[in-house]
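Take a look at this single chain, the form predicted on its own, given in structure tokens.
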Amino acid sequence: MTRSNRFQVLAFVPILTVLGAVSASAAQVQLEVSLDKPTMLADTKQSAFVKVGLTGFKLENKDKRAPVNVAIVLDKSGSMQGEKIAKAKDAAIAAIERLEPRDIVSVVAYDSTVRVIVPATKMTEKKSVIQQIHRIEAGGSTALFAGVSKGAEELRKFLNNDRVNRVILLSDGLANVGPQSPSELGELGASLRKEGISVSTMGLGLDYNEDLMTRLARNSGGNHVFIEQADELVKIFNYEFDDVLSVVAQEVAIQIRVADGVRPIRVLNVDAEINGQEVIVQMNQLYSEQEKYVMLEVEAPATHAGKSREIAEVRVTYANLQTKTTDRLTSSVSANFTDSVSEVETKLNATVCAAAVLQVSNAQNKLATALRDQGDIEGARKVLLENSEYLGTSAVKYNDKLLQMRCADNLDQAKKLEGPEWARSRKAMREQQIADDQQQAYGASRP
């Protein structure tokens, strides 16, 4: 059997190599490599999307989850006085109640200065930690950069690849003490990611800088959520801890080797390094039973009908937090070629097509935001309306609920580009964009 015949159409054959002794029944991440067009039109140069999907294995019970090392960083500037700081403390306490003695927590509060409320400690004295949180009071300016940096400093006391290391940042205002630009906070996020630390950001109300918060989260591999009302905080903190407590893999490295004759064009909405035929993508973490994927657009050369062509080979390595091993997966995907247009249509992979539409439309949503920022309201509206139509048509064609939801989102956003509604709409758009970039499990009204 030839190599090209072994990996035809949507068939994928993941091969697992585990470094270290582990039982054959041990849980493993699932790798699936697939094409939107597994059958392509013959004798025509054309583009296609390769989807590289990674799905975290199921945690059979909570005792098998990885221990966590979490720094909760709370904005306690003057704007947080009253209900906001009260609800923030309630949310932090509710989250801490879910932790076990093997977990580590630290609590940092900041205004114009930064104070470590609870130094990094194992959760053997939970009552004492909660008492310290109750004593936090609001007042002062917003030293956001310093707050995140101090949270990371606390994490480093127990930093370990076998733990889930995360900063959870809550802020309701603009950073106005120390570094305060999106690029500076983005650089901080990228540097923390290299250490194995992710930062999830929660923006409360309408006065925080969503560009700064999303950049910090995206560059570090964390989540971002826009919280309009303080009474949502407990629910959102619980969603975040659902993720933190379900991480099954870290240090995920994806290497896509595009076949000779096939040209890599771009990776949609994910930072990637393209060198010739090789594409490299890094992911920080994978969650139990959640899929994270990379969408690579390629150009396939004209190929005669009846032939098969390999499109790409994928290699993945990751740290398995349950088995404490480094696992390796490989898979390949090929396409068949036909003279029949109808055969191409009937063999489309609806799941991959829908994911590609989501990412293409997400890029257009970002374009609309940029146009509105430049003052081109009509240009932004035109992009959003066209995007809504594209999403709606695709939602019907591929029977996809998320595309239908995004169709309605874009239509609604087109109506809120002016006046007092714009501030809220912009934050919701940024939240939606990062949620779709990273296939975030909560926020942005995901189904």
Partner chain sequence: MSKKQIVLLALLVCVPLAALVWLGGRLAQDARARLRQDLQDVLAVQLVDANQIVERFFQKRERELLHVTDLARFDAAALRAMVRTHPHLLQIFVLEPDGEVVHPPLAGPLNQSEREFLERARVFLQDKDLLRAADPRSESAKSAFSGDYEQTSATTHGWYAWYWGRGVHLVFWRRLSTGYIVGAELDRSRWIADLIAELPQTPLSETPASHSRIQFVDSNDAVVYQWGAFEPPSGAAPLVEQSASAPLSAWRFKFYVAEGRFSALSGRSAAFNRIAGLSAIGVVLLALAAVFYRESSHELREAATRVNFVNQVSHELKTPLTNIRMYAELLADQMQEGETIDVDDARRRLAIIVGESGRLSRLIGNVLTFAQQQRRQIKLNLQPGCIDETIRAVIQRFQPALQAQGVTTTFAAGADRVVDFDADAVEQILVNLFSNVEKYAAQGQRLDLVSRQAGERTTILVSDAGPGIPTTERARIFEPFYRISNRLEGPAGTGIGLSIARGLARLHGGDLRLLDSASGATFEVEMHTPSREKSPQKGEL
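Numbering follows the first chain given and starts at 1. Bear in mind the structure is a predicted one, so any value in this text is a computation, not a measurement.
The form predicted together with the partner chain exists for this protein as well; it is not shown, and the discussion that follows is about that form.
When the partner chain is considered in the predicted bound form, only one residue from 287, 208, 145, 318 comes within 4.5 Å through any heavy atom, namely 145. A heavy atom within 4.5 Å of the partner chain in the predicted bound form is found for one listed residue only; from 93, 138, 99, 117, this is 117.
Contact here is defined as any heavy atom lying within 4.5 Å of the partner chain in the predicted bound form, and by that definition not a single one of 259, 266 and 332 is a contact residue. The partner chain in the predicted bound form comes within 4.5 Å of a heavy atom belonging to residue 274. In the predicted bound form, the partner chain sits beyond 4.5 Å of every heavy atom of residue 368. A residue is said to contact a partner when one of its heavy atoms sits within 4.5 Å of a partner heavy atom; residue 304 fails this definition for the partner chain in the predicted bound form, lying far away. Using a 4.5 Å cutoff between non-hydrogen atoms, residue 184 counts as a contact of the partner chain in the predicted bound form. Stretch-level contact analysis of 149 to 157, 243 to 251, 345 to 353, 371 to 379 against the partner chain in the predicted bound form, using heavy atoms and a 4.5 Å limit, identifies 149 to 157.
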